[in-house]
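So this first bit is one chain, no partners, the form predicted on its own, shown in structure tokens.
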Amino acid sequence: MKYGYAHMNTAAGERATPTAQFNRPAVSDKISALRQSAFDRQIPTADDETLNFLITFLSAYQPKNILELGTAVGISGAVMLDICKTAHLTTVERDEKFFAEAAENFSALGFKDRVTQVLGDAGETIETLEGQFDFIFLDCAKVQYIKYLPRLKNLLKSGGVLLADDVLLFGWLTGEAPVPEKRKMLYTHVKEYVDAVTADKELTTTIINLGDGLALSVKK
């Protein structure tokens, strides 16, 4: 399978960090085409820096049991399965059209047997899951991150990693950009999440200024 670098693709409103020019994800040609199609249709999918970090981190970590909240059309999930050859992915999406397209993409890429897709609300779904996960990728409704945190900690094994995307909110949390009046509630809830994971005695957390901000938390 051929691999190539995805071209720089920063969606409108996202920050371009100083290191963006260097963080270009190497993905298979098939995944690259699916990813470009998602960008062209303005379907949410990880930006270059975030995806490159995910690829680099998982190449070393190699989790076996992954939980993803926010499948969209399956791009980040496919990348995780491509990097972690023996992993199983449980991925949750509430949008029926995205869910169906993701199923097609996982099948076309040969990942169907290593994926459990769940159609439904992330908050309701995580209450029904059993067992524990090595890696959790949190990339769904940002306003709900703080609400989901206690349950996600329970689902994370000791030594496991919780990675939350988009925690710097276009530079709002760092003060790089003013918070729009209509987004004050979103800002407040995401800041609550960042404050919670950085203060939590059960977690070791670092906030990473890549893409639109990542919070990487390791459960002790």
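Counting begins at 1, following the sequence as shown. Computed from a predicted model, the values in this text were never measured in an experiment.
If you look for the form predicted in complex with a small molecule, you will not find it shown, but the lines that follow are about it.
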message: Considering non-hydrogen atoms and a 4.5 Å limit, which listed residue (81, 75, 109, 149) is close to the small molecule in the predicted complex?
response: 75
Proximity to the small molecule in the predicted complex, single hit among 102, 87, 115, 122 (heavy atom within 4.5 Å): 122
- prompt: Of the listed stretches (150-158, 65-73, 172-180, 191-199), which one has a non-hydrogen atom within 4.5 Å of the small molecule in the predicted complex?
  reply: 65-73
In the predicted complex, residue 45 touching the small molecule (heavy atom, 4.5 Å): yes
message: Against the small molecule in the predicted complex, would residue 133 count as a contact residue? Criterion: heavy atoms within 4.5 Å.
response: no
field: is_contact(residue 141, the small molecule) in the predicted complex, heavy atom dist at most 4.5 Å
entry: yes
